[in-house]
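In structure tokens, the next block holds one chain alone, the form predicted on its own.
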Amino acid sequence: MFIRILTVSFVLLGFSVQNAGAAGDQVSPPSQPWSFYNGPAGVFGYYDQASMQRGLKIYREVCASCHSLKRVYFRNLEALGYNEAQIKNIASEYTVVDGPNDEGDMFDRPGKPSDKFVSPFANDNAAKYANNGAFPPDLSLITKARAKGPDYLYALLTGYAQPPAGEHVSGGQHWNTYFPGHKLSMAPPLSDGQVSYEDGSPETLDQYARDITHFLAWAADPYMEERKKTGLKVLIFLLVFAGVMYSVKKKVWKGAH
């Protein structure tokens, strides 16, 4: 086959919600001009390495305290433009539980490029306990969890607001325009000036939301660029082949007359 088929296991967007409304009680997220997703990019879609690197920074400094990224290996960061030494340095900042050793005991060691990103909690129950019973979902496939996933994630991150008149939000809940039912347990994770950028990009909620969404879109579909390039080559081949066959057909039928 010419095109690699990427099998994706869809996950539920598990931000905890109480008294959530029906599925119809949801505002459709506006379309955003992603370089990789919709709009004029189409078959020529690509990932922006600078945006992905900023998104990785946001994940590590903000999201990683609650959310895992268990389907991404440190070595995969090469796609973001990091070299071997940089990847080794990033991996070594994490502590990995390994073993058993010769004595049958588990032990801690610095992370290596061959390791996956380390989860913030030992298990799901520990994650729920630390978040008042709300399980923070793994972010590896989060942009595949809904239709228009990148648009929805961006809208969710920027959609926190005061509840409308007549709406009650109980303690520990927050109003979000784009979340189904509008009430969720995750507090606004991002705000202006929260993360420092070394490249001079705006340190705003809007830019943060775009960058982390860009990074997580890559995490969910790392072969997108390769697949689109292969698909374009196939289309060009088919067009050329069709032209050749049309010329052959004309020549054959011309001789028949």
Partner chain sequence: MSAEIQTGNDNTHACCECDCGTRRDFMQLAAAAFGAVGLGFFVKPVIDSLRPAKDTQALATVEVDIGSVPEGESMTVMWRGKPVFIRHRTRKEIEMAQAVDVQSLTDKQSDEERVKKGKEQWLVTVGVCTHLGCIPQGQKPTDNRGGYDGWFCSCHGSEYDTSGRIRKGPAPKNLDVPPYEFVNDTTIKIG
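This structure is a prediction, so every number in the text was calculated from the model and none was measured. Numbering follows the first chain given and starts at 1.
Below, we refer to the form predicted together with the partner chain, which is not included among the displayed structures.
Asks: Is W175 part of the interface with the partner chain in the predicted bound form - any heavy atom within 4.5 Å?
Replies: Flag for W175 set to no.
Asks: So in the predicted bound form, is the partner chain close enough to F121 to count as touching (4.5 Å, heavy atoms)?
Replies: Judged by the heavy-atom cut-off of 4.5 Å, F121 is well away from the partner chain in the predicted bound form.
Asks: Look up in the predicted bound form whether Y46 has a non-hydrogen atom within 4.5 angstroms of the partner chain, and give yes or no.
Replies: It does not: once the partner chain is placed as it appears in the predicted bound form, Y46 has no heavy atom within 4.5 Å of it.
Asks: Within 4.5 Å, heavy atoms only: does S114 come near the partner chain in the predicted bound form?
Replies: Yes, contact at 4.5 Å.
Asks: If you look in the predicted bound form, which residues in 64-82 sit within 4.5 Å of the partner chain (heavy atoms)?
Replies: Read in sequence order, the residues that approach the partner chain (within 4.5 Å, in the predicted bound form) are Y73, R75.
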